[in-house]
Each structure stands twice: as structure tokens, then as C-alpha cells.
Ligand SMILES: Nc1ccn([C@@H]2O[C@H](COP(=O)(O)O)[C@@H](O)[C@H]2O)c(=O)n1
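Only one chain is shown below, in C-alpha cells, and it's the form predicted on its own.
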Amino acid sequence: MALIMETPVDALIKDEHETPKWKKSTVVFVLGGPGSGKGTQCANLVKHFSYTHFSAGDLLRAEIKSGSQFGAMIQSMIVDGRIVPSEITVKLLCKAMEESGDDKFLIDGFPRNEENRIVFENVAKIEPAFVLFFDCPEDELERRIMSRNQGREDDNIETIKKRFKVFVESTLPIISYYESKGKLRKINAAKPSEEVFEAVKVLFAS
């Protein structure tokens, strides 16, 4: 009889409370192309509406920095050029929501693809209240990213075009999915930041 080894991923998935507080939370996914202003608008929402803001990428980086066994596993995957399994990202999101003690969350830049979405629904077993989509034309996104260039390696025109292509191929199907469920809230993100937030405020005030 073969012995089945439990991996750190299995342990992470199994490590869940009977009735996690976040199961009754309000979750809003925040999506938009690179340079669409997601971070700025999330900061505004945290300040005005007392949401807690999580970025999936930030949580992965924080886990690596923590020196935990999961952090080491994530680091080795990234070094090897492998994609971190959606289960790990989702479990980190659930853990962060549980530890925050809050009940209103903005999850920024997630789900990035269809697999992310399916795993979130299967593991977290909650659906977003709605999806906030910052819609902005590619040429405007390019202009913004190039003008904010502060020495970041990924702020060059070739990399920007690649990032936008990935966004269109992976994330736009997610946006279409939530639109079909009546859960999409689209914002014209090409306008000045203050005007964009005025439109966002209307959604959250209601």
C-alpha cells in the first residue's frame, strides 16, 4: 500500500476554522489594467469607507519575508519560474481576512484568471458582493506608467505591452463572467483621479 505524503500545500488547505468570521464578510474584487489607478482608489476607499485592503501579490511577498515553510515553498516556486498554485494564494487571503478581525474587504488584482476565481469560490466558499473594474484604454495606461517611471525595471514600453496583453487574455474573461452575473461595476478610469473617486463613492455609499 503506497504511503501518501502530505505536502505543505495540503496542510495549508486543511488548516481552516469551523466557522471563519470572514465567511460573513463583504468582499469586493478590484480589477483593472496596469496603471488604472487601483491602488490609489483602494487607499481612498479604506480612508472613507473603512474597508481593509489586501493585494494578493503583497500577501505572497509578505509570506516569503516571514521565513515560514510556506514562504520558502513560494520562493522556490518563483525562483524555478513556476506559478504559485491558486490554493496557496486563496488560503493566504482567507488567513489575512480572519486575522484582520474586519468584515469588509477590498481584494486588489484578484482573481487574475479563471483558475483563481474557481479556487476562491471552492476554498473560501464565498462570492464577491461585486467586482469593481477600472476601465482604461491601453494608450492611457501606457502614458501613465511611463510618466510615473521611478526606475522600476518593469516600467518600459515592451514590458507594459506584455503586462496589458496578459491582463486582456487572463483577466477580461473574469470581468465578462461577473458581468454576466450582474456583479460588475465598471468605472471610467481614464478621468482624473478625483473624478474617478466621486464615481466610486456613489457605488459604495449605496
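Numbers for residues come from their place in the sequence shown, where the first is 1. Just so it is clear, the model here is predicted, and its values are computed rather than measured. Think of the rigid core as the biggest set of C-alphas that the two forms share within 1.5 Å after superposition.
Absent from the display: the form predicted in complex with the ligand. The rest refers to it.
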State yes or no: in the predicted bound form, is some non-hydrogen atom of M77 no more than 4.5 angstroms from a non-hydrogen atom of the ligand?
yes
State yes or no: in the predicted bound form, is some non-hydrogen atom of P128 no more than 4.5 angstroms from a non-hydrogen atom of the ligand?
no
Going by a heavy atom distance of 4.5 Å, is I174 a contact of the ligand in the predicted bound form?
no
Taking 4.5 angstroms as the cut-off for heavy atoms, does I83 touch the ligand in the predicted bound form?
yes
With the partner absent here, would S55, L60 and F110 each sit within 4.5 Å of the ligand in the predicted bound form, counting heavy atoms only?
yes
Hey, which residues along 87-105 are within 4.5 angstroms of the ligand in the predicted bound form, non-hydrogen atoms only?
T89
Large Cα shift (2 Å or above) at R61 between this form and the one not shown, core-fitted
yes
